[in-house]
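Take a look at this single chain in structure tokens; it is the form predicted on its own.
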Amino acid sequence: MADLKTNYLGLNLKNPLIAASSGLTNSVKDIKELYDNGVGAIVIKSIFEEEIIAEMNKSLNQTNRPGTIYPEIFDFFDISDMEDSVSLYLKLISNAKEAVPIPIIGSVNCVSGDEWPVFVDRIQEAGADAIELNMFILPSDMTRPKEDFEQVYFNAVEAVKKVASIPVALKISYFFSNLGQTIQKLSETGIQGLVLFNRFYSPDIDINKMQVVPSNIYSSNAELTLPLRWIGMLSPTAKCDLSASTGVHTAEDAIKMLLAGAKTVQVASSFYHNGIKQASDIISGIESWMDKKGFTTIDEFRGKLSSKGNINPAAYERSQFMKHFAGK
């Protein structure tokens, strides 16, 4: 019988399937359903840095963003008494921990490491088992050096690590000038995990309404290959756990990521397309494949087809077609 237990961020999970941050992790009802369908952990829907800062400003009767906030400032007011997004978020974490016995991971969508990291104390007090920083800064300012964009990620990690007593994971995009080196360096900052990659609305144009509109709201498994490439290349050298996100819709997709070296896989879009019951289908699919291949634990095959385990590591590194589109 296949044993799917794994360890992620130092947390013991019954299997590597994680419900990613989404609207489906924003209520205790859905969280219970996700648990009932077997997920190994749940990332609560992200709260935004702007929401945290706005509430801190309101609580301090400030109209402008404060220059410096210290943890001691929380001695002067009680967030838990306020029916706002911050207190509701903390309450959701507490209620989720009471409702299900699997790890609950808090999530902050952040663009800096300025004042908001003091909020990590509250996430910890609410009972979160870990925190995931969901970061993305679109490099659209052509006057700003690329080093400035990249440094923001390191600054945020440093600020959170100073106050976090729970494991920290960082969810990033692939918009870096030197992605491989950046991932490697981030893995060496002392964080426990990196999630590759976050996903965003993409713009499209409605030619009839003459408007810019969002498109491709949900991922498809065609997007699997991007995180698969980088996890396959970097899992042998990364100094923290790697979790695969974007494009995982089926058991086969999840198995591919594990073979590439991922510790866990995060799923959201597939639950929207197929219902939360898809979680149990993914888990049973992994079990069936393991039984068929003769694997009793995930560690027996994890990373077997990474750049280190693969007999042809160039398969991950080759970027140009040499055969399929050559000639005729």
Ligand SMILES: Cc1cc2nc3c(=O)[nH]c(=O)nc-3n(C[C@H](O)[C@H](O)[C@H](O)COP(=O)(O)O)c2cc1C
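Here the structure is a predicted model, which means the values were calculated and not measured. Numbers follow the displayed sequence, beginning with 1.
Keep in mind that the form predicted together with the named molecule is missing from the display, and what follows is about it.
Practice problem: Find the only residue in Ala262, Ile282, Ala41, Val267 having a heavy atom within 4.5 Å of the named molecule in the predicted bound form. | Solution: It is Val267 that has a heavy atom within 4.5 Å of the partner.
Exercise. Could you spot which one of Phe154, Phe176, Phe136, Tyr218 gets a heavy atom to within 4.5 Å of the named molecule in the predicted bound form?
Key: Of the listed residues, the single hit is Tyr218.
Quiz item: Can you say which of 251-259, 191-199, 120-128, 205-213 gets within 4.5 Å of the named molecule in the predicted bound form, counting heavy atoms only?
Solution: Among the candidates, contact is made by 191-199.
Quiz item: Looking in the predicted bound form, any heavy atom of Ala20 within 4.5 Å of the named molecule?
Solution: Looking in the predicted bound form, residue contacts with the named molecule include Ala20, since a heavy atom lies within 4.5 Å.
Practice problem: Consider Gln278 of the chain shown here, and say whether it contacts the named molecule in the predicted bound form, taking contact as heavy atoms within 4.5 Å. | Solution: Outside the cut-off, so no.
Quiz item: Any of the heavy atoms of Asn37 lying within 4.5 Å of the named molecule in the predicted bound form?
Solution: No, no contact at 4.5 Å.
Practice problem: Answer for Thr246 alone: is it within 4.5 Å of the named molecule in the predicted bound form, judged on heavy atom distances? | Solution: Yes - in the predicted bound form, heavy atoms of Thr246 and the named molecule come within 4.5 Å of each other.
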